[in-house]
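The same protein chain appears twice below, in two forms, each given on its own as structure tokens and labelled structure 1 and structure 2.
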Structure 1
Amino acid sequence: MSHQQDVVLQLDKVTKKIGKQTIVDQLSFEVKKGEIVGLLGPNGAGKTTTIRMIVGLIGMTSGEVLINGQSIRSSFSKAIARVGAIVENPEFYSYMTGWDNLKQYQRMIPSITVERMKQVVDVVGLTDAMNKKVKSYSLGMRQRLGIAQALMHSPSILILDEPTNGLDPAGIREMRDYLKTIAQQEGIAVLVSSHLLSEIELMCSRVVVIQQGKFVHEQLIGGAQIQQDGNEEFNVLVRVNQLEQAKQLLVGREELQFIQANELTNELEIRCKDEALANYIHELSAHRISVYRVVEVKRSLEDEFLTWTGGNQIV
């Protein structure tokens, strides 16, 4: 586990009420250095409200947000100094060049050096476009310029609300790659809110799911959630040359749960643990049944999401 000092952002029972309505309800989660965390939820789940509270755009009714241990409520300027954020679309002077737009921002924070400006422009891959006027930029380039601006003061955390909104597939892929680069190279924590599940799955190392302002679920993405003790149950497809005989060998076994068979592909789907699968494959071989392929069946993030939110569509 990461040490406590690696925690960059910490939400503790954050609540937002407007009149009698509770928009965000006792929400707690954390983001650590160098990880990209997706904040997921159906529309109206409270994602944007949560992000606005984290960056101090709206006050919270109760609870606490800490950035590097500093409270957004009681020491706002210290806490916010280490945050880079794009909450709406980044706004720029379109008649000025990319470089001149960044210079405007640099004037507000004298500690930013020209070297640092060049460095962030390089990280987001805009070096060749900095002398062009922003009005000639594509939407993806504007988003990347926004990220460059948000990175200039070397924040500990980058917070992005729907960063891929309006981007075409190439732009989305670019954004994903740059965010991964930023997290790895600069060691920055990244919090991304989105409703694009496939994107989050490819971009993030962890997701926090909220529904009606409440914490619903937290999940590592990729191989990280597989426990190494072999006690995890999983589904596998086993492709064989003799489907019926392979199916017969499953009869009456508690440790092997038959899910379904596909006669077109000669595949059996079973649910079991490591040891039971190994034993089953030995037995297939002993009965001279050829095993062509064994593939784990992974549920998509979309399937998982619908389970966590009780079938609530993420639209």
Structure 2
Amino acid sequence: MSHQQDVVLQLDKVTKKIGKQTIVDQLSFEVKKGEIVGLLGPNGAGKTTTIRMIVGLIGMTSGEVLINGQSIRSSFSKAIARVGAIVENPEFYSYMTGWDNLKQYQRMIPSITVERMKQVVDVVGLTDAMNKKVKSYSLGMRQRLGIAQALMHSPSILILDEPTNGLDPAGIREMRDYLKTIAQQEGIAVLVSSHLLSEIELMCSRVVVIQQGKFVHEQLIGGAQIQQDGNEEFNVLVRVNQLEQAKQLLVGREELQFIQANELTNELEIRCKDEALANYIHELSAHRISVYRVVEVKRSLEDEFLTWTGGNQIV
């Protein structure tokens, strides 16, 4: 199945208990090739714990993580060979140069050539800093060295835990651009965690929201939303010349949900799916009601976020 081939990372009911506390609870989601997926949740939601389980740094209490179909539990080496990751802050041997640090990881994977190393260093813009000791690097440079380290072996998935933490606005912007470029150039899947909605919104094509270790919601973002299959409900504003009549046509129709009417602007807000809207507009024409505008009402992701998380638990 082509769908299965595209799935790079799959979490299946992943659970982590420490003592009596359940830190991650039956979490399931997938990341496909070419996607940048955001793992969003407030501080303490279990993002880092989830990422640690994905890369095998900590064990799972139950559940399974598959990377390209290989279990991180039972075929660790095969599974991890396809992963590049930074867990929390990127930490290096600060007394060594950037290049010596990268050489450490190159020696651990025979297929990495020096050309490849140079190419990756170039992508993250660190070519001039390679002979400097890492202790002289700024946080932004460390993040980039972290990305270089994670990309050297051409992984299928790049996993970054709060990659913009501690960066200044310029650094954050730079990181975002890098990630997008990399996802395109290398054609790989990316999983980024963050507690900031705004950041995920700018960077990701899909978001998985977790709270207190539990899956809360999953949603496509931005341009990606257009590619939906028409089965999603959305809100739409319809401006007509005869508001009351247009409203009457809604009565008794399950698939068209009345939200509100604005008599000043002659606008009607309804909630429905693609087909239902098309039928409704035919209906309006059939009754010779003029339609002046049809506009989708986009709730900001933030509004939606608050509804997913049931209130104000997030930034």
Partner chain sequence: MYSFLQLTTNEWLKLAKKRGFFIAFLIILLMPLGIAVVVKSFLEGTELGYVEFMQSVIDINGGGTLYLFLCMIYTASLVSGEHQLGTIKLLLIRPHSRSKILASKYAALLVFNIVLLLFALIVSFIICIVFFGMQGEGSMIDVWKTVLYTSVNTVMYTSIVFMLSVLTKSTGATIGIALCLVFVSDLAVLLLAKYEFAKYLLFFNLDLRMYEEGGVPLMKGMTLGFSITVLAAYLIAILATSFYVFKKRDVA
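Every residue number counts along structure 1's sequence, beginning with 1. Bear in mind the structure is a predicted one, so any value in this text is a computation, not a measurement. Only the largest set of C-alpha atoms that superpose within 1.5 Å between the two forms is called the rigid core.
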query: Index of the chain form predicted alone, chosen from the pair; finding: 1
query: Post core alignment: Ser193 C-alpha displaced by 2 Å or more between the two structures; finding: no
query: Core-aligned CA displacement of Asn101 at least 2 Å between the two structures; finding: yes
query: Cα displacement of Asn131 between the two structures reaching 2 Å, rigid core superposed; finding: yes
query: Rigid core fit between the two structures: Cα deviation of Arg271 in angstrom; finding: 7.5
